[in-house]
Ligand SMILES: Cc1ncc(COP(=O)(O)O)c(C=O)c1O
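One chain is shown next in structure tokens, namely the form predicted alone.
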Amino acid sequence: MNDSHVAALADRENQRFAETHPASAALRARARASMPHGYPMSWFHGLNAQGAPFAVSGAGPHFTDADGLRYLDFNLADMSLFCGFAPPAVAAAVAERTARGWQFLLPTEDAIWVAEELGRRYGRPRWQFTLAATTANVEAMRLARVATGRPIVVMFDGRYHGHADEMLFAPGSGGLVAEYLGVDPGAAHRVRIVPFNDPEALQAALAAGDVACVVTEPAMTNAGVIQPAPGFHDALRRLTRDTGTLLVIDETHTQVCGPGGLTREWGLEPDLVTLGESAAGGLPFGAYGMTAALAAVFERPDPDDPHAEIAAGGTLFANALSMAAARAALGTVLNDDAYARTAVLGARLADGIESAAADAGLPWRAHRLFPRSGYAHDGNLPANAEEARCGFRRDVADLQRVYFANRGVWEAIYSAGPCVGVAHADADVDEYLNVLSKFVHELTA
């Protein structure tokens, strides 16, 4: 496999994609007049430089685009559609709720049911709702600052916790640098970023006693998958407790690993847990759960001071439609059997990735995290984000995405890797692996 061969394959596959997607290309041309890059979400352009299909419908693990082409989806909208496209129980609940009104700026009983169920699953008794995981993380950080009286948040290199200023910095040659234009550079003073799996670096970051919280995924998922080293979570919890620092576990991507995410699977003890859209079948939904002691912080403000209140809330938070969808997803679709079955399929997928790579003479290793897999192109499973970046070929991943799309398999985000969802079956894993086998043999021809 050499660079010129990869580039030649990419040219061929991009041309094939363009020729088979005239309707989507026409829609994108029309959209350029009203949207940056021709997409309603401008960041999407960076992942789909060759263009992307416009979706029309979806059911189970498949969706159909504007050109009438059908795809087997292994990205699942960045895992937010872990339940699959239009799961019947969620679709029925949404239709029923819509017919009776979907927004009141008042609570519904569904919200209580969802909070109780999340408390049972994640072991944290009190919950607040948002419309996305990003805002759940933002509000969890604000709560931590109020509870501790401290300004600083610590995160790990390679993380993704959403699009808010404090979450969009990375280590640079002279300190932290903004990862995007428009980010407030002053927010860097409220953030420290350290390598994952490095207790010594974490200890140094917490030493000054000014850190409100550490925000982390239980396993890092934005650079493939980075597993915690043995003893790392024990050290993380000990160091945060010893320094009076709160621990926030972001389960947005890892909540697909079990009924209570990795918090329950691995017996973790966070002060706060944050969740994302897959708990509501992919509808706008975010949530954060907390201990009873932290919940009491919401009740502390001086009633005579209108400014002594935690900055939390939004007009559509906990709206009736999102709550109905979450109750249906959690109560019907996301049961113990679903998580167990997808974990088995995920392991089978990872085994198949490594087998196909070995058969083509490639050293690739597959990430393994319950239903999710991915690629380490240099053959080394990473311990931190720097190792993940060094061991991953972006050009190969970009080629693989369009190659798979041209053969009816959708894998949209190069840093995510494939994920098996509740609607997938053994035959779907077989289809993915068949396309992969063709890909790696063309890659090494």
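In this text, residue numbers run from 1 along the sequence as written. Just so it is clear, the structure is predicted and the values come from calculations on it, not from any experiment.
The same protein also exists as the form predicted together with the named molecule; that form is not shown, yet it is the one meant from here on.
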item	value
Contact segment among 290 to 298, 230 to 238, 217 to 225, 344 to 352, judged by heavy atoms lying within 4.5 Å of the named molecule in the model of the complex	217 to 225
Contact flag, Y160 vs the named molecule in the model of the complex, heavy atom cut 4.5 Å	yes
Any non-hydrogen atom of T148 within 4.5 angstroms of the named molecule in the model of the complex	no
The named molecule contact in the model of the complex: E117, any heavy atom under 4.5 Å	no
4.5 Å heavy atom contact, M323 to the named molecule in the model of the complex	no
Selected contact from C213, A93, A133, A357, since only one has a non-hydrogen atom within 4.5 angstroms of the named molecule in the model of the complex	A133
Listed residue (D271, E277, E139, D73) with a non-hydrogen atom within 4.5 angstroms of the named molecule in the model of the complex	E277
Neighbours of the named molecule in the model of the complex among 251 to 271 [non-hydrogen atom within 4.5 angstroms]	T252, H253
